[in-house]
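The chain below stands alone and is given as structure tokens, in the form predicted alone.
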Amino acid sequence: MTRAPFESIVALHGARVWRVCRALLDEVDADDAWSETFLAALEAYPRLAADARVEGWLVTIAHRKAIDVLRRRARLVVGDVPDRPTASVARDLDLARALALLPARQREAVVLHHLGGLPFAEVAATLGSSADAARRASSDGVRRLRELLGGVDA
């Protein structure tokens, strides 16, 4: 079986990988995470099992690269830390800003399932939880996003 050229993999899945990176990071960091994702994927692609689900593989790499960026950023925090989170609940929040307000587990479950297209079993494996816990975190996250964005659950 012949593998698809890597360029076609990027063309086919690039937008989905971008959505995962952008949902977890600001635009500049998302660009970096997107690039790091495809560089890592390019290196590993020859070793990828022929029957592997490329989409899920790429989304998992993107998620890990985004988490790496968040961890690096957390180590670089300088300055005063506010006493309380200053979360805005204004109705003009965009999705990325609203996602940033979710607890990490909910945000990751929403991103991996709804933006990354992974089934809950793969989300659970990525997050180190059960499929039921991943489904619940995603459901809670979507409910909170609707509230933040002024949807029907608000």
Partner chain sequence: MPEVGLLGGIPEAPIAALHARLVERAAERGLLDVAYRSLDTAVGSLLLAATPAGLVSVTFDGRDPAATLERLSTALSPRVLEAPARLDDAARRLEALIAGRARAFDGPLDLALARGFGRDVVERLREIPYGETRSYAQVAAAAGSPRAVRAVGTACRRNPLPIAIPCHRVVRSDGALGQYAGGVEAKRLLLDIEAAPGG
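Only the largest set of C-alpha atoms that superpose within 1.5 Å between the two forms is called the rigid core. A quick note: this is a predicted structure, and the numbers were derived from the prediction, not measured. Positions refer to the first chain, counted from 1.
The protein also exists as the form predicted together with its partner chain; that form is not presented, and the subsequent description refers to it.
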{"query": "Option touching its partner chain, based on a heavy atom within 4.5 Å in the predicted bound form, out of 125, 95, 101, 70", "finding": "95"}
{"query": "In the predicted bound form, the residue from 105, 53, 114, 64 that sits within 4.5 Å of its partner chain by heavy atoms", "finding": "114"}
{"query": "is_contact(residue 58, its partner chain) in the predicted bound form, heavy atom dist at most 4.5 Å", "finding": "no"}
{"query": "is_contact(residue 110, its partner chain) in the predicted bound form, heavy atom dist at most 4.5 Å", "finding": "yes"}
{"query": "Any non-hydrogen atom of residue 10 within 4.5 angstroms of its partner chain in the predicted bound form", "finding": "yes"}
{"query": "Its partner chain contact at residue 42 in the predicted bound form, heavy atom, 4.5 Å", "finding": "yes"}
{"query": "Neighbours of its partner chain in the predicted bound form among 21 to 43 [non-hydrogen atom within 4.5 angstroms]", "finding": "22, 23, 27, 31, 32, 34, 35, 36, 38, 39, 42, 43"}
{"query": "Large Cα move at residue 20 between this form and the one not shown, threshold 2 Å, rigid core", "finding": "no"}
{"query": "CA of residue 145, rigid core aligned, shift of 2 Å or more between this form and the one not shown", "finding": "yes"}
